[in-house]
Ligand SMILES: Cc1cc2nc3c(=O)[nH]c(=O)nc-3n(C[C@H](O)[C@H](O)[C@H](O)COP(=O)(O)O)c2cc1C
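Given as structure tokens, the chain that follows is alone and in the form predicted on its own.
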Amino acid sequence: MTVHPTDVGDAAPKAPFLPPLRIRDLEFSPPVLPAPMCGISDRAWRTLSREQGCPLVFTQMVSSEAMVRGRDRCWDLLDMDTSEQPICAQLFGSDPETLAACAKRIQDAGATIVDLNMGCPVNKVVKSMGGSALMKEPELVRRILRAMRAALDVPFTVKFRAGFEKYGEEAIAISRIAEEEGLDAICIHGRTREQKFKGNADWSVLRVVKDIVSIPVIGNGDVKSADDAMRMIRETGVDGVMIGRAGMGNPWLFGQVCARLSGLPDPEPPTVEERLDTMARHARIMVDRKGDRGLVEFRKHLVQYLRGFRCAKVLKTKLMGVTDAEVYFREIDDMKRHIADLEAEAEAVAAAGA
């Protein structure tokens, strides 16, 4: 059975490797956070992340411009509930007054923290001067942060990249502005916008920023294991670790990192049955929240959950075309009963091909 960070069992915990992350008057321990990701950070994802020990969860980013136009889709994307607190809601945009007004609305809707996205590398967002494009406009950033800070009573944070084109220089400038404008924490992804999600994250800018600001710094980028998290902390001195794409199809990664930073024994890897059970539960929550659309949206998670299975292709073929939820879950139950046979068959086919 997978051990969660709160399940000490017979083993006495060591002292936590990292103290709680303090964002104004809030404390988060262990300081392990799931990254806000478009199309991923919905209610189901947040539920699984929190169950693995993450003390703070994030919504998907929503457009401030769309929100002021009254588009209900924004609130569907946020899908916040008071039972999820503490929860951080993320906005993107480029107009100071619009962002400030939307930040206030999100605060009033129950967000524990409001975050500004300055890291999204997607062309559509960048062309609208949102996301990482703001890193090229420090004076506009200052006006945005000042307006949003004035509108908010709750903690206010910002997430950005190591740079748009110039590694480090832009991130250092934004970090200083964020502190000067009264933000409560910053998070930096160790890639430039030009890299998007390619190549390796460079954590050296995290160390530089940590040395020049007094507010908490959270590190993001290429944390794929508990060892990676420990190395990031040792090399950079960050106050918290954020995990993004590596957690897709692998929510146990959050539990592994949480355990390590809490001084607890490393959890056992999930069994095949646990992987399929969690996959089914993730899908079930999405269906319960979104109906048939949830099953379609789950497909991107399905591919990730099945990574490493020898019979992954067979399993994906079985499930990708299913649109009836009950049939879907019956198929997963059938997989659990026959997984050993499917794996053996896939291994035999691979051996014959070699």
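Start at 1 with the first residue shown and count on from there. Keep in mind that this is a model prediction, so the values were computed, not measured.
Unshown form predicted in complex with the ligand; subsequent notes refer to it.
Heavy atoms of every residue among 60, 159 and 243 are located within 4.5 Å of the ligand in the predicted complex. Among residues of the shown chain, residue 228 is not one whose heavy atoms approach the ligand to within 4.5 Å in the predicted complex. Contact annotation: residue 193 falls outside 4.5 Å of the ligand in the predicted complex, judged by heavy atom distances. Put simply, residue 222 is close to the ligand in the predicted complex: some heavy atom of it is within 4.5 Å. Looking at residue 38, you'd find a heavy atom of it within 4.5 angstroms of the ligand in the predicted complex.
Looking at 183-191, 105-113, 73-81, 266-274, the stretch with residues near the ligand in the predicted complex, meaning non-hydrogen atoms within 4.5 angstroms, turns out to be 183-191.
For the residues 117, 175, 236, 98, the 4.5 Å heavy atom test against the ligand in the predicted complex is passed only by 117. Along 87-111, one residue reaches a heavy atom to within 4.5 Å of the ligand in the predicted complex: 90.
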